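Take a look at this single chain, the form predicted on its own, given in structure tokens.
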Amino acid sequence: MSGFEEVHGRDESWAVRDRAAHSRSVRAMFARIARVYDFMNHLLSLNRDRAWRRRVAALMDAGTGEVLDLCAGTGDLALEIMGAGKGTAWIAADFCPEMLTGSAGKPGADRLLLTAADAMVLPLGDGCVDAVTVGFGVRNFADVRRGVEEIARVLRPGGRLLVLDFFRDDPRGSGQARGVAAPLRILLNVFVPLVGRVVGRDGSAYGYLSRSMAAFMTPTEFAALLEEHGFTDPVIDRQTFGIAHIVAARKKERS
């Protein structure tokens, strides 16, 4: 039993109860904020989101072929991976078409294969991509387990999954799994909804961000979940004092 499995436990308070309602609500929310999404990301993170995406691209295997970027939004993560010379084909999938249209005009966007798709039911064959990335999207899945199962299904054996997200603080965490200090978390919980209301003109959407962070799993719990679903060698990479984390793992090779 790995250390990740030992600390995971069975507390699944992060699980969504009404999945259909959650999906409708989240899709509508992103459709509302699609126009300001990129601007608000850079503003609220003080541009650190760009560095986090660069780190995801750096962690991707050299020689990676097809890349699926789930919850791709306006394509920034897929384009960062492309710009880093990783991958030979890039599928940008999101269940909110209004978000995908935000990629228009960005350098390299004409090379993205834009796909309106729900991560719960991907329109892709088994084992068809070499890598899957998810930037700030797993936390929004209506069913995290189902989403991980779909990711495992479309990944080739030995393929890499890289997830960048705002995970819940883990008071037991240490090293790369440690979250942000309590005073900073309190500041984020106040600052993000306030700026979202004043600048983004949608306080409820940016209030959802802080609420979803508090309700989600820790990076250690997520790494354990990946192991339960056929992934191995999970790695947690802490970003900017624990505000964000990258959790990476590899789909097991066939025996």
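Note that the structure is predicted; figures quoted are calculated from it, not measured. Numbering starts at 1 and follows the sequence shown.
The same protein also has a form predicted in complex with a small molecule, omitted here; what follows describes it.
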{"item": "Among 149-157, 124-132, 92-100, 79-87, the region lying within 4.5 Å of the small molecule in the model of the complex by heavy atom distance", "value": "92-100"}
{"item": "Full three-residue contact with the small molecule in the model of the complex, heavy atom 4.5 Å, for Cys71, Met120 and Phe136", "value": "yes"}
{"item": "Close approach of Val26 to the small molecule in the model of the complex, 4.5 Å, heavy atom", "value": "yes"}
{"item": "is_contact(Tyr206, the small molecule) in the model of the complex, heavy atom dist at most 4.5 Å", "value": "no"}
{"item": "is_contact(Asn41, the small molecule) in the model of the complex, heavy atom dist at most 4.5 Å", "value": "yes"}
{"item": "Contact label in the model of the complex: Phe141 to the small molecule, heavy atom within 4.5 Å", "value": "yes"}
